[in-house]
Every structure is written in C-alpha cells, then in structure tokens.
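Listed next as structure tokens is one chain, alone, in the form predicted alone.
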C-alpha cells in the first residue's frame, strides 16, 4: 500500500472538501494526515493518503474543472503516531504588517535547529498575526533563543511570545 501527497487549490465553495474526500473514499484511499485552510477566498488542502493507486490514477479520480490538484507518491518519513523527539513550543507574533516577518522569525528558529511544524498567518486591517508550532532540539538554550526572538520582534515593531506546548490541551 503506497503513500501519496495530494494538494488541492481552488475557489472556496460549499462542498469542495466533501467532493475531494468522497473521491478519495471511492477509490479506496485512506486519509492519514491532512490540513486545510482558506487563503484569500481560495481553499487550500494538503493530504497524505494511503492506498493502492499511484499519483496519476489519483489525479484522474480527483480532477475537477474548478480545482488545481496535484498528487505524487512519497515515502513515509516517520510513523504517524511517533513523537518527533523534540520540545514543542507555540510562537505568536502580533504587529504591523511588513515584508520579511516570517523570514526573520524563521531564520532565528532555524539557527538553533528549530523546525516549524505548523503555521498560520492572518492580516486583519493593519494587524499581522502569526501563530506557529515549533519543535526544538532538546539541547537548545531556550532562554537565549527567546532573547533573540524578542530582539527580532523589537526590530519589526512586533510582540513575539514563545511558550511550551501544554500537552494536556492537545
């Protein structure tokens, strides 16, 4: 049984998710992991599906006139129930919108081996909000990282918070 990465992009309308997931079910594929969001009135979905169909066959089954769909065979990189082994944190940024916010913040995290495992951003008027799930190697000096993040936040006229994930909330 193979694993495929499927992406779907299209104008948001009722029934998009039902149509895509129904097509996957009809061809015997199982959704193992997924995320979906709205981006400026467009639906964006990413799914990892297992099944006996290859990427080309999945494309044929998911094809719709108003959707851009891609499907590619991939290899599993880790078991879905496996702990990543790092320390989980939640990072938030609040401040005025400007180019380079994600780049500046992600560079600080990457310098310490931090991995952004999930992220969403939203612009509400002039307020830019970023929320990210971050996994850090266990040996990272978190206090020093927080000082560097605060300095980046100050340079962006933004407030950055960084706190451990509370596992009981997941």
Partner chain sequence: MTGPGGRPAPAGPPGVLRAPHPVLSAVAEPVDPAAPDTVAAAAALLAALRRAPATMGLAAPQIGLSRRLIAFDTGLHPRSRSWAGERVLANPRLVGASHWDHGREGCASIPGLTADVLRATRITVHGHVPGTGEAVTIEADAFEARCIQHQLDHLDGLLFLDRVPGALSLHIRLHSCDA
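Positions refer to the first chain, counted from 1. Everything numeric here is computed off the predicted structure, so don't read it as measured data.
Another form, the form predicted together with its partner chain, is not on view; read the next lines as being about it.
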| property | result |
| --- | --- |
| Interface membership of residue 90, its partner chain in the predicted bound form, 4.5 Å heavy atom rule | yes |
| Its partner chain contact at residue 138 in the predicted bound form, heavy atom, 4.5 Å | no |
| Residue 161 within 4.5 Å of its partner chain in the predicted bound form, heavy atoms | yes |
| In the predicted bound form, residue 110 touching its partner chain (heavy atom, 4.5 Å) | no |
| Proximity to its partner chain in the predicted bound form (heavy atom, within 4.5 Å), stretch among 100-108, 65-73, 32-40, 51-59 | 32-40 |
| Heavy atom within 4.5 Å of its partner chain in the predicted bound form - the one residue of 27, 129, 44, 142 that qualifies | 129 |
| Heavy atom within 4.5 Å of its partner chain in the predicted bound form - qualifying residues of 99-131 | 118, 119, 120, 122, 123, 124, 125, 126, 127, 129, 131 |
